[in-house]
Structures are given as C-alpha cells and as structure tokens.
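A single chain comes next, written as structure tokens; it is the form predicted on its own.
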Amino acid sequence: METKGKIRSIGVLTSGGDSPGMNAAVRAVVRSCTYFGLDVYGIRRGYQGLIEGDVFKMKTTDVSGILQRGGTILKTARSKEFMTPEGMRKAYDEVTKHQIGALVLLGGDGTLRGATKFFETYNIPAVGIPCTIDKDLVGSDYTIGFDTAVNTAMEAIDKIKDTAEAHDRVFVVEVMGRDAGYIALNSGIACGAEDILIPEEITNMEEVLYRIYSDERRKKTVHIIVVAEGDELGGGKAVSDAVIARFPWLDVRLCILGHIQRGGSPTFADRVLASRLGYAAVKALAEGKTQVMAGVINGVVEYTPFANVIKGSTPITADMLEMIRVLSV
C-alpha cells in the first residue's frame, strides 16, 4: 500500500494509566510499520519521555514475545509539563530531531486531549488507540484492557464469595472506576452481587441497607456489594462504615481490589482488539487520516475524531440497572 503525504516514520507511545493489551498494540504498530515500509520509533514514558528525548528506533525483534505480557514495555507516565507551551515545544523539537512524521498514541481521554493541543500548535498528525480499563471512551464498543480488568475483578469476587458463604458475611468489594462504573457493573452482574454502586447513578444508601435487612430476615446470610471507587458516597470504605453502623452485629468485611485489576496477561479479547487497532492506526496514518481514534463499533473498525471522543460519554443503559435489581432477589 502506498502512503499518502510525506509520512515516512511513526512514533508510538503509551500514556496515562497502563492497561493489559498495551504491549499487543505496540507489537501491532511496530510490525505494521515494518510491513508498510515505515520507520518506527518507540517513545518511553509517554509525553514526558518525548519531552526528555527518551526515543529509540524499533524493529520487529523488539516486540517479540510481548503479546501475552501485561503492562507496557514502553512504560507510561502522566505529564503536566506537556500541557505547557514550553513542554510542547520541547516535545516538538524531539519529533523534529528524530524526523518523526506522525504519532500513534495509546491511552485514554487525557492522552487524546494532549494530542489535540499538540496538533493545534504544531500540526503533527496523530491517531489514537483506546487503552483504558474503565471503558469510558466513545468511539469503540470496548477499550483495550477492559475485558482483562473485568475478568480479574470477577475472579477475585468469586473467591471472596466463597469465603463470604463459609462465614455468613457481608462483603463490600471496591473495584476501579473513578468516573465510570463499567468494571463494577459487569463484574458485579457476572458474580451475582446483590448491590452494585457506580458513579453514573446516585446511590440511595437507605435502599441498600433495607435490602441487607430484608436478606437477613429471610435467612439470606451472604450479601455482596460491589462499589466503584468513584461512587459519590466515598467508595468502599464509606459504604462498609454505613453497613457496620446500621448492623453492628453482622460480620462485615471490606476488600479493595486496587491495582491488581491493571496487571496480568491480557485475555484473548484484549489481545485481538489491540492487534486490530494497532494495525488500523498505522493504516490510517498511511492513508492520510489524522486526529482520529481507531475503535471497533459493531465489529467494524471505525475512526472517530478526537473532538468527538473527548466531548462524548458512554451512558449505562437503564435496562442493565433494572436487571441488577431483578436478579438480586
């Protein structure tokens, strides 16, 4: 395939929080560049690494054996300096120094916001790949890392449920999700949680406490509450404190899963998604596309402008919330 314009080399970086599958996407970018005859440069530690010139030329052997690894071989970071005029100038100087014609950016909302400002100032072509365990970006039905994170949370909650049943306990399990409740929603449904508390919905704690009271009256001695860390009540600690205050005789335990959800080998779904989008990002740049995020919608690769991704939101459907109530009876 012939490339449009003058792009002869592409830089790839991972930015923001890590997510399982980032390595698979990096692998796909490097190998696609090689196939299309493009030079590819790895940029370590995201935008901060670009500012500091932590850039190296990559070849296919650099990405051998990384498909199944969590984390990111390019490392990742958040950079406040990049959002300043001075920081962007330093980044542009490094892009020019290494003769990088375009960027492939793996990350979430913050990564794309940075790319938008960089393009507005220096006109550097870029394509994004949605990498976030929270699945909080429009433009793709799933984001890289989400499936793995949900499966990790599900496996942990299943094990917690075993001990809850052995001891007749109420367990409050906090999962990641500062602004989005998709991990809590999906892992909670998959594990049969009695309550799922998410940032998208105002939590009525009195209703939660009443359900615990009703369960106790009918001798249902196990109650699992899955809470997204961004729930407006204050996360798992606030919820467990409220349950203990109302039912001091119950055996109530809090478990915060934390960063275990970010790590681990990516699932097949994340590996395939990452491979598709890594290839799609390079193909898009080779065809002259820029300032778009590659995603998969209804099984088809689509490209969504950064502006739409940043401004959009992915609401949780009402039927999912209703189903939780029905199935927790």
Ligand code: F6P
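Note that the structure is a prediction, hence the values are computed from the model and not measured. Position 1 is the first residue in the sequence shown; the rest follow in order.
What comes next is about the form predicted in complex with the named molecule, which is not displayed.
Which is the contacting stretch out of 79 to 87, 212 to 220, 187 to 195, 173 to 181, given heavy atoms within 4.5 Å of the named molecule in the predicted complex?
Single hit among the candidates: 173 to 181.
Residue 159 versus the named molecule, in the predicted complex: is there a non-hydrogen atom within 4.5 Å?
Heavy-atom contact with the named molecule at 4.5 Å: absent for residue 159.
Just to confirm, residue 133 within 4.5 Å of the named molecule in the predicted complex by heavy atoms?
Result yes; residue 133 sits at the interface with the named molecule in the predicted complex.
Touches the named molecule in the predicted complex: residue 97 (any heavy atom, 4.5 Å)
Heavy-atom contact with the named molecule at 4.5 Å: absent for residue 97.
Taking the named molecule as it sits in the predicted complex, is residue 45 near enough to touch it, meaning that at least one heavy atom pair lies within 4.5 angstroms?
No, residue 45 sits far enough from the named molecule in the predicted complex that none of its heavy atoms falls within 4.5 Å.
Does the named molecule, in the predicted complex, lie within 4.5 angstroms of each residue among 17, 259 and 262, using heavy atoms as the measure?
Heavy-atom distance to the named molecule in the predicted complex: all three under 4.5 Å.
Taking only heavy atoms into account, state which residues of 214 to 248 are within 4.5 Å of the named molecule in the predicted complex, ordered by sequence.
If the 4.5 Å heavy-atom criterion is applied to the named molecule in the predicted complex, 214 to 248 yields only 229.
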